[in-house]
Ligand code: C2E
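A lone chain, given as structure tokens: the form predicted on its own.
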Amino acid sequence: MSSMATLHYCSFYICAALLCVSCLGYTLIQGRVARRQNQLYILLLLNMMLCALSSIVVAFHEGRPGAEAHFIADTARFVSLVFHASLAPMFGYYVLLVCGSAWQLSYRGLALYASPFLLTELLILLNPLTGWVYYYNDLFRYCRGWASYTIYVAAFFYLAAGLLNLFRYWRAVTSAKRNALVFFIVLVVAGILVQIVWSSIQIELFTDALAGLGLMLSIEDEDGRIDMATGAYNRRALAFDLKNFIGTGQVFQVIGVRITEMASVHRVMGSSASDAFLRAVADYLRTLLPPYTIYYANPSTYIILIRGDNEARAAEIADQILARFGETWKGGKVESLLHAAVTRGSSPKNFPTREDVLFMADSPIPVKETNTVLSGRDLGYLLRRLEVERALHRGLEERTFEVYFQPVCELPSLRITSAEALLRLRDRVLGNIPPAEFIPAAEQAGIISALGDFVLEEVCAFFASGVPDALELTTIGVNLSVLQCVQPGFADRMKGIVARFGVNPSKINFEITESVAANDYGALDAVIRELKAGGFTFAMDDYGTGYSNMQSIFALDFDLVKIDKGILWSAEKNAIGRAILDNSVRMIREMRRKILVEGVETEEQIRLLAKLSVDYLQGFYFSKPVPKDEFVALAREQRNQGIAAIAQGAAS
């Protein structure tokens, strides 16, 4: 055979080798070598490359005269068979790793899995003595022996095992991965069948290399799984891997690291500094654990997944992480002390479902629990949070929510002129749930808009009854969550609800918490302007509790500013508190906003605020939030007393 004919004969081998070299180079450049799956993929590429190179050597030396050429061809063929017989077992085990079931194999299971491979390798190694796998005839031509077919049988066994395992854990693997695996298994089987039927068409190794290229593009490529800012795996990767771990019944440890100040760091220092701190934390975590175990679950939380039931090891790592947060972190050119809440549990013991782990990542952690590792029974707050979410859904379905009203009185008459509508929930399972607990849960669960609509509808129905007008109430305040405001069509929905009940929009005073309003002036300003153009009024709630008081008032067109009770109570205690109250009132007055002070509980406070000439008062001195009927009775009694007093004065 001429050199050109030989080159043409082994063209499939050359193409296979080039594909393997390309995939290997790209994989190493991308640095995808940490996981066992990555390492096995690299071994697969090296194996196929060695098989291809050995087959090329065979093609150029087989049939040439001389003992040396025969020896080289025979040696190369022997090497090729040794490596080629391991391709199917390696590919089958790769499928097990992708599915996640490889981690369940015991030593005995691994031995059983490897037994067909070991048998075929033994037959190949003994072939120089037996000639069972292949031999040369009198013309020194290669001939298959009976044992050569055992290699194909073993190959089909491993490919079938991989396919059956894939079907077994079909739901534990993403659709893209399982479709890719099925396709490439079929491609490899087709190559083997062609090679068996038409031995002159040397296509089997080429189809193996094509499958290797496909695996690189569809499974090994993890660009879509990486968070670019931190270098850790992203939330999408976390959700997929949790699905795989739990779907295959794996036991694993979960560590959560919540950095409690990231929102304020971002606000005060900017996004570049906060990103730098997050990278610093991720870099530290990578010194403790392999990078593929670390996930950036949300803007302030890392989740770590550790396979196995070694709770002691997980506890040791959690303690190390918590201790590290006792030192400063460097974010670019800035150093700062960060605090973290560290949680630890295991699946399925503490987290039986994927949603449980994601719930832990997203749920706020009690502030008092930030200096210890929460584990075991300490994770009860998660169970409580989950129960509260269920209660929220029950409340919407069973309509067990109720709107309470807290009176607002004007100065100097102390007459009830308006009220604040406040949502309450009494659940048949959990009993009374305070708003401070169920409102954040509703925001996290994505049902805060439904609650907001419910409150507005109840207030509008109250106005439509004519009772508030009879009581001479000017407005009723309805609290807004910023999550409601930024939703598309929010303003139109609010206007639609009010129009449906035939209520004058000027009767509705929307209240936005000042610290929330500071987050996004642009979006809130657009909403406020649109609704104010429709006749609604707006109040800044809890003035003095946020981060950017002045900016909030100047940036957003509020009609009323509600001064937080903390400022009033501090004014009674010391001169500094009094100065803050005096200056706050003077500044708001100069900006021509109405002023309401919350937390009024004593007559001394009323006299103090009367001297400052604020407009409205609210607090337990007048009434705590009460059901609608009690509020109506209270307002009606006060109004009747006022009318009686006027009549008595006229008579006298």
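The structure displayed is predicted, hence computed values, not measured ones. Sequential numbering from 1, following the sequence displayed. Think of the rigid core as the biggest set of C-alphas that the two forms share within 1.5 Å after superposition.
Absent from the display: the form predicted together with the ligand. The rest refers to it.
Contact annotation: of the candidates Val455, Ile219, Val503, Leu411, the single residue with a non-hydrogen atom within 4.5 angstroms of the ligand in the predicted complex is Val455. Site annotation in the predicted complex: the residue of Leu531, Leu480, Val265, Ile304 reaching within 4.5 Å of the ligand with a heavy atom is Leu480.
Contact with the ligand in the predicted complex, defined as any heavy atom within 4.5 Å, is confined among 66-74, 584-592, 615-623, 31-39 to 615-623. When contacts are judged by a 4.5 Å heavy atom cut-off, Val82 does not count as touching the ligand in the predicted complex. For Asp541, a non-hydrogen atom is located within 4.5 Å of the ligand in the predicted complex, even though that partner is not displayed. Contact check for Ala436: a heavy atom falls within 4.5 Å of the ligand in the predicted complex.
The ligand in the predicted complex comes within 4.5 Å of no heavy atom belonging to Ser148. Of the residues in 82-104, none comes within 4.5 Å of the ligand in the predicted complex through any heavy atom. Core-superposed comparison between this form and the one not shown: CA of Asn38 displaced by less than 2 Å.
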